[in-house]
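Have a look below at one chain only, the form predicted on its own, in structure tokens format.
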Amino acid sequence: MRKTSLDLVYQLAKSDERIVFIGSDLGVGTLAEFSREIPGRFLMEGVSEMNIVGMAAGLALEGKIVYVNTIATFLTRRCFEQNVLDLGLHNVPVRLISNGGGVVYAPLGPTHLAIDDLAIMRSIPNMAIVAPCDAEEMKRLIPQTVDYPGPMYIRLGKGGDPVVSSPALPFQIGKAIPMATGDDALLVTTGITAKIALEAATALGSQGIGCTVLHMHTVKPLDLEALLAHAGRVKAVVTIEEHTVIGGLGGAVAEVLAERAFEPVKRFKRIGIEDVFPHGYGSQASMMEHCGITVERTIATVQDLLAPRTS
């Protein structure tokens, strides 16, 4: 996803003089053609992310559309005040492209795990949040970011993630995509967990349980119309995210369902990282399995929510 997104920024910059790129010590060779061909709009700063966000805001206030790329934890935790005051408060067109959302950086340990980035960025007024499920969907997203109003946080996966999106399904920032349809349970996903939901829906379908898979690539603004329409048809709703269960997609969906006050109440469960710092080292896949963000847990959760209650 990272290479796809940055290559697209470069292609767009060639025909749009408003576009500027700022990287944070990303390594030799990153966007080499951009640096060589458009040096006046290519900036590679040191490890000074807070300063970079301030620079991006200043450029945006002067009419530029600024794309910033570095590690997700550095763009969110480290730059929170700058994101709030420089980007959110001024409502400027800066696009934060974050490497390693979720537990991608499991080999580096808990300091680099962006398990709270969605919650952090959701709290900022005017901040849009988008988490594509694969590189092909990223190709449909990036051109739409150029003239999107206000700041945006774009969450990247590991790279090389299996393609589960389809160009036949219209992609629009702020509009959820139904990837499968069923009338028993609703699986709401964002980012790479779309694949988990689709596999779980297929397995449950073989058991006679129909699941709708609603891919919320845009976590903010949330597509309330689609969420309520699909939730209204089912008995149970499950959210699946590579993120803490507090404040991310699951929190957003829970808020909507609680305020809608369905009768009867929808059975609901969040699948994600519990309120802990995940410890240990490993791979993204092993960390997700350790945290229970799996097809098997999704299947079991749906079965449990739909099981008859004796009291």
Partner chain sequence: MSDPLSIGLDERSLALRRTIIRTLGAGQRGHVGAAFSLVEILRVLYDDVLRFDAAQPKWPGRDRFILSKGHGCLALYALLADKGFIPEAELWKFCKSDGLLGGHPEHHIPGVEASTGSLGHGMSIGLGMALNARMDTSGARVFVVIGDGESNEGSIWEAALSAGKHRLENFCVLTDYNKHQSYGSTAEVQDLEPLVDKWRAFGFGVVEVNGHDVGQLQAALRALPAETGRPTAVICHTVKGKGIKFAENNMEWHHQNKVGPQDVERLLAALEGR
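Residue numbers count along the first chain shown, from 1. Note that the structure is predicted; figures quoted are calculated from it, not measured.
Not on display, but discussed next: the form predicted together with its partner chain.
- Contact annotation: residue 31 falls outside 4.5 Å of its partner chain in the predicted bound form, judged by heavy atom distances.
- Its partner chain is not shown here, but in the predicted bound form it comes within 4.5 Å of a heavy atom of residue 51.
- In the predicted bound form, none of the heavy atoms of residue 267 sits within 4.5 Å of a heavy atom of its partner chain.
- Looking at residue 282, you'd find every heavy atom of it more than 4.5 angstroms from its partner chain in the predicted bound form.
- With the partner left out here, its partner chain still marks one of 274-282, 241-249, 54-62, 254-262 in the predicted bound form; by a 4.5 Å heavy atom cut-off that stretch is 54-62.
- None of 235, 77, 175, 90 but one reaches within 4.5 angstroms of its partner chain in the predicted bound form through a heavy atom, and that residue is 90.
- Only one of 225, 147, 183, 81 comes within 4.5 Å of its partner chain in the predicted bound form through a heavy atom, and that residue is 81.
- In the predicted bound form, no residue of 173-211 lies within 4.5 Å of its partner chain by any heavy atom.
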